[in-house]
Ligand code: PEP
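Next up is one chain by itself, shown in structure tokens, the form predicted alone.
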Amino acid sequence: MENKKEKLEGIKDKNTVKLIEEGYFTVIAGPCAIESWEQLDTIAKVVKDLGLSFMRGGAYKPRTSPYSFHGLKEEGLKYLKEINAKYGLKTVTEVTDTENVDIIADNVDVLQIGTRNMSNFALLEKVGRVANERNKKVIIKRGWASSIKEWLLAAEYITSKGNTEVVLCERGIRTFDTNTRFTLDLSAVPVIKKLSKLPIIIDPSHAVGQSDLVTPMSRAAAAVGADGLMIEAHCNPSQALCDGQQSLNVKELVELMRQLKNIASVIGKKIR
């Protein structure tokens, strides 16, 4: 009986790895969309070799066009679970509908709320309940036309359902400028630090929409005091089925990590 109890406690401890930790800068990297086992496994090995702890990968992809690739869905979730078992990486994927919250929670460690669903209050409440019951973490992205106050209130729909680790993610807002996909609001970092106790990470990939701009904005995010990054990376961006133009290739991801380590050391943090 004691052995069984110890085993269960060990499992619980393993699942309570925090997404954001004091003294660390968390980098979550992986493909926008899971396209195949081979694609996900290739990037997972790179992520693991870089010493990172979390990997992203979209199984369900809400797309503007109904004719775009919408993900492998349950097959993609299966691959994420296998990646966790093979490499020990904690996995992150987007929850798109109240109907798939449970099955996603069965297969991944971190539930992500995308920009389109920041104001989907029924989804936020269900994610909050499920995350609390199953000891999952939640990332909530800022809506592309939302104020910081609206964003924080949306996060409270989740936190009000229990003691769940919730992380805010700035991913750019829509403005009049067309030189980038969105306008990355890095001022949100110090504002959030002033208004809230919730940690904040940056998704420069969706904000700028161009791979050559991801690295400089990632450096800026680390320097301004963000708690981490969510980066899109692909083994062959030119052939990606989703957002290849903003995805880093393996060489670029490795170089970004080298640069981030230098910045992190200056501000007294370690990359993980």
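Residues carry their position along the shown sequence, with the first being 1. Computed from a predicted structure; not experimentally measured.
The form predicted in complex with this ligand is left out here; the points below concern that form.
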- Among 129-137, 157-165, 99-107, 114-122, the stretch whose residues bring a heavy atom within 4.5 Å of this ligand in the predicted complex is 114-122
- Task: Considering only heavy atoms, tell me if residue 90 and this ligand come within 4.5 Å of each other in the predicted complex.
- Result: no
- Query: Just to confirm, residue 206 within 4.5 Å of this ligand in the predicted complex by heavy atoms?
  - Reply: yes
- Query: Hey, in the predicted complex, is residue 56 touching this ligand, heavy atoms inside 4.5 Å?
  - Reply: yes
- Message: Please determine whether residue 227 contacts this ligand in the predicted complex, using a 4.5 Å cut-off between heavy atoms.
- Response: no
- Item | Stretch 141-178 - residues with a heavy atom within 4.5 Å of this ligand in the predicted complex | 141, 171
